[in-house]
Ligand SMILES: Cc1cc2nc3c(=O)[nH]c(=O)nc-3n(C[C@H](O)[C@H](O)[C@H](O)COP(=O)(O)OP(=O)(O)OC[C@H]3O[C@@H](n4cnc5c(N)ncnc54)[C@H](O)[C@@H]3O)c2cc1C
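Quick setup: one chain, the form predicted alone, written in C-alpha cells, and binding and motion questions come after.
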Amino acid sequence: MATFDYIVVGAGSAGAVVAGRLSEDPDVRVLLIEAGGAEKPTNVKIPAAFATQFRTNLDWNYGTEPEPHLNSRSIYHPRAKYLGGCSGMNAMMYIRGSRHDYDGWAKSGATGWSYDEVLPLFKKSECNSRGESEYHGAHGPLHVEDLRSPNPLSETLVEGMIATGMPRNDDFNGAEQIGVGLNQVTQKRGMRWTTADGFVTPARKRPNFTVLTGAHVHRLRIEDGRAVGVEATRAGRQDFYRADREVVVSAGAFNTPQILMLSGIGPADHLTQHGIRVVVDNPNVGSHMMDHPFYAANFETTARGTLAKAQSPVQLAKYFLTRRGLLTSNVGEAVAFFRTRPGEAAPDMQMFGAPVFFWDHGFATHDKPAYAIALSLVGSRSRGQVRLRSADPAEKPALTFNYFSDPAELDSMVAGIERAREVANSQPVRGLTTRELHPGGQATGRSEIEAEIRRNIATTYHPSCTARIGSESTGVVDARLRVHGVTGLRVADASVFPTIPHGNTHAPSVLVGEKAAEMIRAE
C-alpha cells in the first residue's frame, strides 16, 4: 500500500491538468494513475496522423449498443489510452464553446461557472502565439497557435463559406463565436501539444509527484461514506493506493461513470442486478450522456496539394526538417459556426473544411483528390447513457447515445448538408469541384438526405455529461465537483458538464481541470 494526499484517476485532457496543478504545492503528495502507457509514438506527435491511432493499442476502441434511431447501427468511439488522453488523439481544435454555455450552466445551479468567472481560468492555461489579450493568455502550459502551414484549399473553403452569407471570424474564442475562419490548434511549432506535455512532463521532476502508467483502476474504496483510495491492477498484480485527502476521478465520460458504478455509486437497481453493494443510490450516474453527431460531405476536386500527398517523401522530409508542410495540418483547418434554428442563443452547427477526403473515421480512401465539408451538430439535444455489462472492471461498459431521438436534430443536420452543398457550389469553390461523393447525386430530396444521415452519421468524439453538475436529484456532483453522498471524492472531466458546450470539448475539459485544482487548493 502506498499513501498520498491526492490521487487523480486518469491522465487525459482534465486529469493531467488537475494532477499537475495540485503538485505545484510542495507540501502535498500527488499520485496520477493512468491505465495506458507513457509512450509517445510518432503518429501521436504528427498532427495530420491523428486518425492512424484509431483501433490500435493506443485506443480503448469503444462502440455503442445498436442505436435505435440509426437503423440499429453501432457507432465507433475512439478514446485515447496513454498520458494526455484524447488531447493526443483529437483534431487539436482550440475552441471553448459559447458564452451562453457557461452562463447557462451557472443559471442552472453551477455556481461559479459563468463565462466571466471561467474566462480567467481559460487564460491561465493558455500560451497563445498571438499574445495576451482580453480573451487570451500567453504564459500558460497549453500551447495554442495558428496553423503553421495552412492549406490553400482551406483558405478557398473559407471564402466559399463566406460567400454563402457567413461573416469572417478570426477568433472563435473572442467576442463572438459565429462566423468563418481558420481555427487555432493545440500545437507548438508544428507538433501536437497535449496536456501531458504541458502539465505532466514539467511536473515529473517534483519529488512530491508520482505518475503510475499501465494501472487499471477497478474501483474506489469507500469506508464510512468517505473515499479513502483506489484499487488498481498493474502488471497482473492488484494493489491499493490510499488517499489521505481526496480522490479525483478524471477517467472520461465512459470510464468515470463505470468506475463510480463499480464502486457502488449509481442506480441502485442496476448495481444490484450486477451484484454490487450499493453505497449511494444515484440514477444520474451514467445518465444524460450527450455528444455531437457528425457527417462529412465529400467532393472530388481539381485542386492540387491536398492532404492525400501528406505522406510523400517530400512532405515527410519537410515535416521532420522544418516542422512545416502538409503533416502539420489538423485536417479540419477551416471552421464555421452558424445557426440552422432561428432564435437559438448559440450557433447550433459547426462546419469543418478539410483539404482531404474524410469518411469512416479516416479508414476509407478515395483514388482521386477530394475535400470534405463536415458538419458537427453542436446544438445536439439527445440524451443517452452508460451502463455496466457486468461487475468485471475489464469489461467495456454499454453505451447508448440515442442520436436523433429529438426530431429537431435531424432538421438541423439536413440544413447543414444543404449548406455544405451551397459552399461547394459557391463562386470561390465550384471551379475546383468536379463531383459530389457524399451524400451523392442520389440524395436529392429531404427523405433521401434523412436516410443518408441515418446510414452514415458518426460522432465528433465529444461524449459528455455522464456525471454532471446538479443537485442530488438531478446530478452526480455539486458545483465544486464533489460527488453527492461521498466525502473525499470529486469528478473532473467532460462528464461533469451540465450540458454539452457548443463546440469542441478539449478546451472545456482543460477548464474543468483548472477549476477543480483551484477549488481543491482553496479548501
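From 1 onward, residues are counted along the sequence shown. If you're wondering where the values come from, they're calculated on a predicted model, not measured in any experiment.
What comes next is about the form predicted in complex with this ligand, which is not displayed.
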TL;DR on 337-345, 310-318, 248-256, 137-145: the one with heavy atoms within 4.5 Å of this ligand in the predicted complex is 248-256
Candidate spot S87, H216 and Y461, all three touching this ligand in the predicted complex (heavy atom, 4.5 Å): yes
Only one of L153, M92, M290, I222 gets a heavy atom within 4.5 Å of this ligand in the predicted complex. Which one? M92
The single option of V429, M351, V356, A80 touching this ligand in the predicted complex, heavy atom within 4.5 Å: A80
If we define contact as a non-hydrogen atom of the residue within 4.5 angstroms of the partner, is A494 a contact of this ligand in the predicted complex? yes
Can A507 be called a contact residue for this ligand in the predicted complex at 4.5 Å between heavy atoms? yes
G20, heavy atom within 4.5 angstroms of this ligand in the predicted complex: no
A48, heavy atom within 4.5 angstroms of this ligand in the predicted complex: no
Just give me the residues of 131-147, first to last, that have a heavy atom within 4.5 Å of this ligand in the predicted complex. none
